[in-house]
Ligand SMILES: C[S@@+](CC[C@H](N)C(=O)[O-])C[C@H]1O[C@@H](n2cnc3c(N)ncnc32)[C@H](O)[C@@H]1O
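Here you get one chain, nothing else, as structure tokens; it is the form predicted on its own.
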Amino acid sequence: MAGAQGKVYFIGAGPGDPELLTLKGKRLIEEADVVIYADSLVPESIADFANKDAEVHGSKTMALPEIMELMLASVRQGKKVARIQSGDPSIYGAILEQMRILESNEVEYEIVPGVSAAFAAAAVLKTELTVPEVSQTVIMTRAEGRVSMPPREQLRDLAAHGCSLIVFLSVTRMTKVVRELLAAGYPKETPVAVVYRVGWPEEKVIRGDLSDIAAKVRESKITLQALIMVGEAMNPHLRDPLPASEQPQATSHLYSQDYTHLYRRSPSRPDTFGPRIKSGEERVPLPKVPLSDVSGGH
């Protein structure tokens, strides 16, 4: 494509709350000459960040050829295009087909990440998805429906791990989801939360377990834009303070006073790493330590 041309930015808008839009995403929307946003999933308040001279297009009634024709025509005129996707573009963002067309037309583009609805939902539930000795793995998937699943990615196969499971785009198949999870080995008492339109004013949370969540969802009449959050990590009682007489639950090593790592020494171990950052004093440089001698994380 000869001559000066513009650029396309795929921008993750987050789950709905405009304040969860990244600073970079907001800046690019403000600077764009053309804004194309998924108006069935992205609030108009996010598109309102566009400058007064920008063209703003909602894409819910547009098919892929129409969207791409608008993008290509705009960049050929040297314009900056903000293509706003819900959540994070890398999770069910349907951007691969758009990128292929841009690649074939030698159009420059960039992806700007956003807050996934999965993590916004975890925040609303006040849960840590990776609780030590409860779950150290998170699987994001969907139930098979109009879109078929690849081999070995059936919900029952994935659920066999028993970890924290986040199911997108499947709330209308709630009964099937529950049936597959139970068949995979989740106990019927497994906590489940369904989070509807997280980050929107009408946000709603339905809590239950595998024995009653399908009935609760049917009663709520929720049929779209909801995440199904499954696993012991979703148990709100994990936050309950323990009586002094009980054994402490497993927690992350990261901040444990008994855990030595590169930046902190356990009082119960000799200082084998040399000087540390002195409290209230100047920073003392750390010596180089072989990576094999250092472990971190949980």
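What you are looking at is a predicted structure, and each value in this text was computed from that prediction instead of being measured. Start at 1 and count along the sequence shown; that's the residue number.
Just so you know, the form predicted together with this ligand exists too; it's not on screen, but the next bit is about it.
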- line: Picking from 195, 84, 192, 165, the single residue whose non-hydrogen atoms come within 4.5 angstroms of this ligand in the predicted bound form is 195
message: Give me the residue from 98, 116, 135, 127 that has a heavy atom within 4.5 Å of this ligand in the predicted bound form.
response: 116
- request: Can you work out whether this ligand is within 4.5 angstroms of a heavy atom in all three of 5, 72 and 109 in the predicted bound form?
  value: no
- prompt: According to a 4.5 angstroms non-hydrogen atom cut-off, is residue 88 in contact with this ligand in the predicted bound form?
  reply: yes
- prompt: Would residue 225 sit within 4.5 Å of this ligand in the predicted bound form, counting heavy atoms only?
  reply: yes
message: Contact with this ligand in the predicted bound form for residue 68, defined as at least one heavy atom pair within 4.5 Å: yes or no?
response: no
- request: Report whether the minimum heavy atom distance between residue 169 and this ligand in the predicted bound form is within 4.5 Å.
  value: yes
message: Only one of 172-180, 88-96, 207-215, 153-161 has heavy atoms within 4.5 Å of this ligand in the predicted bound form; I'd like to know which.
response: 88-96
